[in-house]
Ligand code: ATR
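The chain below stands alone and is given in structure tokens; this is the form predicted alone.
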Amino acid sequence: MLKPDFIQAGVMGWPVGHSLSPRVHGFWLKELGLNGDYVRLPVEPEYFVEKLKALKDDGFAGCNVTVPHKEAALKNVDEVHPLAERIGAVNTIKVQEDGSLYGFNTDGFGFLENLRHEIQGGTVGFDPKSGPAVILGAGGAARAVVVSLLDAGTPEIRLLNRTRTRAEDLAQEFLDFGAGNIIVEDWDHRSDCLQNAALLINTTTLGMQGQRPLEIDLKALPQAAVVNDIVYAPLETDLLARAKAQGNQVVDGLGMLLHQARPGFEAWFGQMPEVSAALRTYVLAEKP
């Protein structure tokens, strides 16, 4: 029999067997001595809304939402945080006391916190206001990165996608919100766009295990620029290895995954956890 104060959360996706989230949250539950659990919830798209509405009756405090359900979650929760509206996706849901569902998005938080914690150079870490950012890709992850950088004061965003029209649509959407300076460039010009950039982020699957390599010449990238690849399989992508070799500070994608999990954990279990070296080691020990 479960103790009265037992709290349960999970992650909905299809498939979801590869998710590292149960390992992350399980570490924190044990570290903080909390009475709870975090489980995988494999849900096919046609049953997603039904399972979402049943969270309270099934005894869940909430859940994370991953591919392919993030957009559907945005449309089927009772209340949405404005940031999630702007990003266009919900990745975290809290069951309120009255049983209603509150949806928010923590991807942008995870992205910025990862940069701030990983970059050396004082107590503030990376400063998004330090110069232009080059973003490769225009998918869901890119949306969260664009929003977080705009809100943090990045003066210029250069957005490139293999299909230019997708980047143009994304840029126009944010410009309609009254967002800052977003410039869409041709994918073929990606190497030239690195001049005087302060940050380069790869949000595509290029360079991931089993995918095609990311072909980009880094010679024009200033040595002071930071390079971030949100891919974490492999942990050090070819992009990061080449950037490191020419003296750039690099940030892998695992930290974004870890940091984005923190607000959800706090919403469900009542404590804001920390990302530590011990957590990274623990998660990587059984990384798929």
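So that there is no doubt, residue numbering starts at 1 and follows the sequence shown. Every value quoted in this text rests on a predicted model; they were computed, and no experiment measured them.
Just so it is clear, the following notes concern the form predicted in complex with the named molecule, a form of the same protein that is not shown.
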{"property": "Position in contact with the named molecule when the complex is considered in the predicted complex, options Lys129, His81, Arg166, His189, heavy atoms within 4.5 Å", "result": "Arg166"}
{"property": "Of Thr203, Asn114, Thr154, Asn91, the one that lies within 4.5 Å of the named molecule in the predicted complex (heavy atoms)", "result": "Thr203"}
{"property": "Residue contact check: Val134 to the named molecule in the predicted complex, 4.5 Å heavy atom", "result": "no"}
{"property": "Non-hydrogen atom contact Asn161 with the named molecule in the predicted complex at 4.5 angstroms", "result": "yes"}
{"property": "Distance check, Arg212 to the named molecule in the predicted complex, heavy atom within 4.5 Å", "result": "yes"}
{"property": "4.5 angstroms heavy atom contact with the named molecule in the predicted complex for Gly125", "result": "no"}
{"property": "Which of 83 to 91, 138 to 146, 192 to 200, 97 to 105 lines the interface with the named molecule in the predicted complex (heavy atom within 4.5 Å)", "result": "138 to 146"}
